[in-house]
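The chain below stands alone and is given as structure tokens, in the form predicted on its own.
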Amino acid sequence: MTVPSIETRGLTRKFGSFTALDHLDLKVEGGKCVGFLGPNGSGKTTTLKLLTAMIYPTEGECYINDIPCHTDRTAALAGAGVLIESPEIYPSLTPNEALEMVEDVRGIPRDEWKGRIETVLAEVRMSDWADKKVGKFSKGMKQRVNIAAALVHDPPVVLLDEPSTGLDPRGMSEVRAILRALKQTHRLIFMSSHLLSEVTEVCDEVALLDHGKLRFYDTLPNVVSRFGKDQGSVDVTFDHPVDPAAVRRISGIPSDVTDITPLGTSQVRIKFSGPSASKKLLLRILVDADLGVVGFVESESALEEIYLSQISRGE
């Protein structure tokens, strides 16, 4: 089985005298979710439009599954599901009818339509709404149908442009749950976003773009280790209510833990002043203490500090 991948080599796009993307070199491969970060105007959407051949580069090349996006556009996009800038769905259509239109455009054989539609609607948790008019849907429900449209031909690569932007908290939660589930299907999900909480919660790796230039690309723990100045925090979730003071009293808690604060009845944020190795020790201690740890992730605040320091440092 071919490993899903996207790659850019010296990818550059200028609009007159303005350089939207500046010699981007990036290779992402394997089944994972990668968050593509950057402020508005950093070049994220331009990159996605170049990958999908919606626009053409001034210089450089890009590839989906090792297929050049611009010289062999049809073959490259056959392996990609794309959702850019949340297209509208005809309100008089049902999800079944809207997805049949997509399958027709994609050239999927008619005898496969029903099975594929049922599968993707189940993936985005819209099976019960398959025959309801889209015009009556919430914005979050419409977005779930749009994601289904990107998945209907079972692509190994999925390109999403800020999929949760503009949704209410419930809609954002629903989309993030879908993304977490998609990670288990061995697809490569490349998702632009400026929502750091979303990236921290969903993504395995992050790439930061600013003024058209790549600042870094790595796993989230490695990014925190490289740029976090040996400081940071983790959010720990338990399967039952926990007193932060009780966590502090556990034998062996690293000495460089500076603060433990509640984020809810069953979640705490633990801040560090020392090296990232302390996080590994803390996780082992909490697991050995049998406190019912069900989540242990870098907190949004750690990524936020790095994000702000990198986009403000200039050239």
Partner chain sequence: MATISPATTDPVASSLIRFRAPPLLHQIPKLARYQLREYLRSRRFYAMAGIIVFLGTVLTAVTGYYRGPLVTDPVTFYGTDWGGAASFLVVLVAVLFGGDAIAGEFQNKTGYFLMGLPVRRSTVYLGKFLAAYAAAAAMMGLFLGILLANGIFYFGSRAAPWQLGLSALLAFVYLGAVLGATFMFSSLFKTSAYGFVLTALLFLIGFTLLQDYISAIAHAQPWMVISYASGTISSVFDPTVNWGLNGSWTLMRGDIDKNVVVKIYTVAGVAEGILIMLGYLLVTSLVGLSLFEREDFS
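Because the structure is a prediction, the values reported are computed rather than measured. We call the rigid core the largest set of C-alpha positions that still match within 1.5 Å between the two forms. Residue numbers count along the first chain shown, from 1.
Omitted from view is the form predicted together with its partner chain, to which the following refers.
- Using a 4.5 Å cutoff between non-hydrogen atoms, Ser86 counts as a contact of its partner chain in the predicted bound form.
- Although the partner is absent from this view, Arg269 stays clear of its partner chain in the predicted bound form, with no non-hydrogen atom inside 4.5 angstroms.
- Within this chain, Glu29 lines the site of its partner chain in the predicted bound form, having a heavy atom no more than 4.5 Å away.
- Residue contact with its partner chain in the predicted bound form: Glu100 places a heavy atom within 4.5 Å of it.
- Residue-level contacts in the predicted bound form: of Ile253, Ile260, Leu263, Met54, one residue has a heavy atom within 4.5 Å of its partner chain, and it is Met54.
- Although its partner chain is omitted here, in the predicted bound form all of Gly79, Leu93 and His153 have a heavy atom within 4.5 Å of it.
- Residue heavy atoms within 4.5 Å of its partner chain in the predicted bound form occur in exactly one stretch of 122-130, 189-197, 169-177, 68-76, and that stretch is 68-76.
- Comparing the forms between this form and the one not shown, the C-alpha position of Lys142 differs by 2 angstroms or more, with the core used for superposition.
- Shown in the overlay between this form and the one not shown, fitted on the rigid core, is a CA shift at His186 smaller than 2 Å.
- Superposition of the core reveals a Cα shift of 2 Å or more for Ala130 between this form and the one not shown.
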